[in-house]
Ligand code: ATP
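Single chain ahead, by itself, as structure tokens, in the form predicted on its own.
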Amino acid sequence: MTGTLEVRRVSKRFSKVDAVREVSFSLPEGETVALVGHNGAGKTTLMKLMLGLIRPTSGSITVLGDDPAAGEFRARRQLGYLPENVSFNGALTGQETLAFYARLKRQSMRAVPPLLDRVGLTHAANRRVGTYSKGMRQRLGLAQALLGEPRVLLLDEPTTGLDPALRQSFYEIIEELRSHGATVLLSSHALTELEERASRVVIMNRGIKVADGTLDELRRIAQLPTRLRLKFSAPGIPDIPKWLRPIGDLRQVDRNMVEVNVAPEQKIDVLRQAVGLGSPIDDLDVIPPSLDELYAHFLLTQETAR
């Protein structure tokens, strides 16, 4: 795959604060990447560097073959950006606002009505933005980010203020763009959402990249235990099989269900025994380490190493 965005040993210092420190990664086309970290981790600073809004103190960034810090950043027209806190002129209507951004991006005005419909704002197209709710302003922000079907989308907390139905619709739009080759960088605190949608995760902490990989790769590195939820056919669980005892932490959830944590290398053996002949287990769920757990693990590992 072709790399659409390259970050090479980038640092950004504001006075005495190192917002980003020696960060490197590459984003290929057709990939959705989650950028996660606490407030102050450097996520928004990285996005502003990619947009050319600020210049790196050291290192370099290339977006679609261009340097965002250069005087003529031609690739900007192929970028879509949704900031964490969208702000529009409240006196303009939704349609006028989107038409303004279409002119800035040199897009046809014909693109405005379909985009408003796509984000569910057709009914409010002629209302002033000052009357919009937070969720409606967020949808309008998403519409402007989608103008021109950008090849790179930078989205900072994009689902803030969206109800579950619109959140689902948003991710369907993102998946459609990705399937056509767009590169999507999603920054969000909603880790459960990202776990289901991102093919790769970059974890930041205090300006440093502490982990980068697919969920499977991060799980392999972290070696966190897998949780097995076992449901027994008879309530009361009068005799929990002895093979469960030495495996790991065991917790009784209710009268006929237990959870046990097993090391990655033990998982298959335990599952074989769980479904073996004469097993009293009626049902089971395998729950791998979540993105929340992986995130906490890598942050703790970095803090311990300091």
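Residue indices: 1-based, along the sequence shown. From a predicted model like this one, the values you see are computed outputs, not experimental measurements.
Not on display, but discussed next: the form predicted together with this ligand.
Enquirer: Which one of 32, 44, 266, 256 is close to this ligand in the model of the complex, taking close to mean a heavy atom within 4.5 Å?
Expert: Among 32, 44, 266, 256, a heavy atom within 4.5 Å of this ligand in the model of the complex occurs only for 44.
Enquirer: Could you check which residue among 231, 197, 189, 105 gets a heavy atom within 4.5 Å of this ligand in the model of the complex?
Expert: None of the other options qualify; the answer is 189.
Enquirer: Any idea which of 60-68, 44-52, 267-275, 24-32 reaches within 4.5 Å of this ligand in the model of the complex, heavy atoms considered?
Expert: Heavy-atom contact with the partner occurs in 44-52.
Enquirer: With the partner left out here, if you bring back this ligand in the model of the complex, are 132, 136 and 161 all within 4.5 Å of it by some heavy atom?
Expert: Not one of the three qualifies.
Enquirer: Any chance residue 193 has a heavy atom within 4.5 Å of this ligand in the model of the complex?
Expert: It does not: once this ligand is placed as it appears in the model of the complex, residue 193 has no heavy atom within 4.5 Å of it.
Enquirer: May I ask you to check whether residue 40 falls inside a 4.5 Å heavy atom distance of this ligand in the model of the complex?
Expert: Taking the distances in the model of the complex, the answer for residue 40 is yes, it comes within 4.5 Å of this ligand.
Enquirer: Contact between residue 157 and this ligand in the model of the complex at 4.5 Å, heavy atoms?
Expert: Looking in the model of the complex, residue contacts with this ligand include residue 157, since a heavy atom lies within 4.5 Å.
Enquirer: Heavy atom to heavy atom, is residue 212 within 4.5 Å of this ligand in the model of the complex?
Expert: Close contact is absent here: in the model of the complex, residue 212 is far from this ligand, nothing within 4.5 Å, heavy atoms only.
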